[in-house]
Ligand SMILES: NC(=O)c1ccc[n+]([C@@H]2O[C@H](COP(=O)([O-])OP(=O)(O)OC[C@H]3O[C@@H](n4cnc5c(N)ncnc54)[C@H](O)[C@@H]3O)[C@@H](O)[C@H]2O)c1
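Here's a solo chain for you in structure tokens, the form predicted alone.
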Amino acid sequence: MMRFLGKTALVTGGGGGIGGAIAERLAFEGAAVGVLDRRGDAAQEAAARVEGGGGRALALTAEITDPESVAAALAEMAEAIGTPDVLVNNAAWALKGDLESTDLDDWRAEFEIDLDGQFVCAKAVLPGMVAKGAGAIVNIGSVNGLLALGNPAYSAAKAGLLSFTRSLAVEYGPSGIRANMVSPGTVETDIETWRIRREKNPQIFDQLARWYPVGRVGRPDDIAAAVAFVAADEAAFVNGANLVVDGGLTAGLPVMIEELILE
């Protein structure tokens, strides 16, 4: 499929596992991709992987919470490959695992990256999309925004992101711009949070898999495929939706069912 041929996409947090997979998927389907990350080396490496696969990519460095930094990156992107037809707000982080260890500075820092940054990036691309009369914004949420699974500040920010997504969908739908959210379950990546957890428990992904009806945790490509669908024109009537990509985690509790059924 070449659903994004002739289109341009911007992926924030593009230097990470999920962001990199999204950038590669959109490029594979024809998009010219701006790979934005606060870590310039990570953005360069991700863009190189896209180009190594035959796609077109531009590495961009910016702080998504800084409107001027984002504006400068967008100006660079516009000159090199064009203004975004698709924005994937993927950048995020999770700092503290429980409420007791979370202080106000932690809370604010997580909201700044996990919600404020998405607002800044959406505001930055919207004028160009409105001028085109078309566009797609995909915000990357989390099952943490739907269930209490630890990381309280991150979870609260992701819940807020769902509300923001719906606001975008309603206000900008008449302008031809769709906004949707993709909410992953556990995804096996090499981000710092999972590196720390794996150092403490090398079998963590195997242990978590028993909670997932499909028998495994997610892979970055699982999320990339969902993003490609909701961002594509074939999903023209999908607006304000939250596509949960979690292998059935939020559909039920298989471990509890095993304990209830004693036969």
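What you are looking at is a predicted structure, and each value in this text was computed from that prediction instead of being measured. For every residue, the number given is its place in the sequence shown, counted from 1.
Although it is not shown, the form predicted in complex with the ligand is what the next lines describe.
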Q. Pick from 231 to 239, 51 to 59, 23 to 31, 38 to 46: which stretch has non-hydrogen atoms within 4.5 Å of the ligand in the model of the complex?
A. 38 to 46
**Q.** Within 4.5 Å of the ligand in the model of the complex, all of E63, Y154 and T186 (non-hydrogen atom)
**A.** yes
Q | Position in contact with the ligand when the complex is considered in the model of the complex, options I177, V125, A73, I113, heavy atoms within 4.5 Å | A | I113
Q) Would A91 count as a contact of the ligand in the model of the complex, using a 4.5 angstroms cut-off between non-hydrogen atoms? A) yes
Q) Looking in the model of the complex, any heavy atom of V138 within 4.5 Å of the ligand? A) no
Q. Closest heavy atom of G247 to the ligand in the model of the complex, within 4.5 Å or not?
A. no
Q.
Against the ligand in the model of the complex, would A9 count as a contact residue? Criterion: heavy atoms within 4.5 Å.
A. no
Q. Can you tell me which residues in 9 to 34 come within 4.5 angstroms of the ligand in the model of the complex, by heavy atoms?
A. G13, G15, G16, G17, I18, G19
